[in-house]
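Before any questions on how it binds or moves, here is one chain, the form predicted on its own, in structure tokens.
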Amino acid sequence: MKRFFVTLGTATAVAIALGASAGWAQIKIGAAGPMTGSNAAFGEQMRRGAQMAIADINAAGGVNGQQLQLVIGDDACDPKQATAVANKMVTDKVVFIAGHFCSSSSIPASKIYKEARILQITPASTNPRLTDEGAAEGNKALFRTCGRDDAQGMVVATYLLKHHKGKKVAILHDKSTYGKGVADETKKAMNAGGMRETMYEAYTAGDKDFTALINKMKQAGVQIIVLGGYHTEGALIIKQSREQGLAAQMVGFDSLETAEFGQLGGAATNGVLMSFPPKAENDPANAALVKKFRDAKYEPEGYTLFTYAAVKVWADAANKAKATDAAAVSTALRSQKWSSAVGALEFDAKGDVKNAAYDIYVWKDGKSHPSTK
């Protein structure tokens, strides 16, 4: 494996040729996400997933007889950097993007990819606006292998209505497109079921001291914390809550699914609940694939296999279409149900996965496990 590094201002693009030398790696595809910054653990999941997918695709003959070369873009979950990365991908003449991770990055980047006729499949951006706005703007080359926050919010709200109705709930969000979006979807579904929040508060991503927020929740007698935000602040909020005598149950979402959450929050994360799709790494059908990751000393947690699936389903569709242009591959993607590492993928007119599922998980000893409730 050879690595080639290219720096783009605050965004770093790393071109990686897998299974072939750069001299005959003929098709460039991209993966973009937070390779640096507080969400870099998720960027690593995406990088690992894309690299393994390309290695497997190239070993099987590539796409339409050509080998793939991977270009990685670092957006640090920042919309401006995401725009810079997208423009660099256009300059580099990539034909497909697996990304971005954060919805706040995927949404602006998708406008650039649409104009450049680059097909985009995000493995992790769950905000409904992405594909809703894309469809309204006529973007037929925008897909995701993950579910949406309206589905995720409904699952969390249903759980709360079943197990915690009548308790005092604080809904928190970090003001991000993702965090506020998933919090609002949960609030909407919860309210529709007759459960009203006691508090609805915003905090700022990057904050370290949540004493004032925790005191406010203590005074309000909060028993449930619904967290619309990422794992770094989530770990601090639950840890500081326990230190300050607040015993409220935290319920988060898919952005907690990284071992870093348990590492940052320690024992305070025991009992934290979250929503996440059925874990692909636990699927017996993926045993051989998971073993390859583990043999490489990497645990394919979170969105690793969702990224692998995004790259692989694009390659399968491109092989079926016998082309790599966005229009032809988009048509192929919608033409059938695809077998993938994250289960059967069937896309609707907006590019969303049909029948996306979410489960409730509980954290214990630094890992998340399916909830028995």
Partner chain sequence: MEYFLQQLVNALTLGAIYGLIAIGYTMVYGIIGMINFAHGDVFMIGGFIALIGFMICVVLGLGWAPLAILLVLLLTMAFTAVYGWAIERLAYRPLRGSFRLAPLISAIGVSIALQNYVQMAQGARSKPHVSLVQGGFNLYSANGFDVRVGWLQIVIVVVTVALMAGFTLLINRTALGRQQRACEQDMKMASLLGVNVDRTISLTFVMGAALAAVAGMMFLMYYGVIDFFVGFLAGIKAFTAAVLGGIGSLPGAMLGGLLIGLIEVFWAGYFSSEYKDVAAFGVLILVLIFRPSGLLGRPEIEKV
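Positions refer to the first chain, counted from 1. Small disclaimer: the values here were computed from a predicted structure and weren't measured.
The following text describes the form predicted in complex with the partner chain, which does not appear among the structures shown.
Note that among 161-169, 278-286, 242-250, 141-149, the stretch whose heavy atoms approach the partner chain to within 4.5 Å in the predicted complex is 242-250. In the predicted complex, no heavy atom of T91 sits within 4.5 Å of the partner chain.
Taking the partner from elsewhere, Q336 is found to have every heavy atom lying beyond 4.5 Å of the partner chain in the predicted complex.
L213 belongs to the set of residues with a heavy atom inside 4.5 Å of the partner chain in the predicted complex. Mapping the unseen interface onto this chain, K175 counts among the residues with a heavy atom inside 4.5 Å of the partner chain in the predicted complex.
Within 4.5 Å of the partner chain in the predicted complex, a heavy atom is found for every one of T36, K218 and Q263. A heavy atom within 4.5 Å of the partner chain in the predicted complex is found for exactly one of D132, E299, E115, D207: D207. Comment: the partner chain is not present in this chain, but in the predicted complex one of A326, A321, I27, A40 has a heavy atom within 4.5 Å of it, namely A40. Scanning 185-204 for heavy atoms within 4.5 Å of the partner chain in the predicted complex gives E201, A202, Y203, T204 in sequence order.
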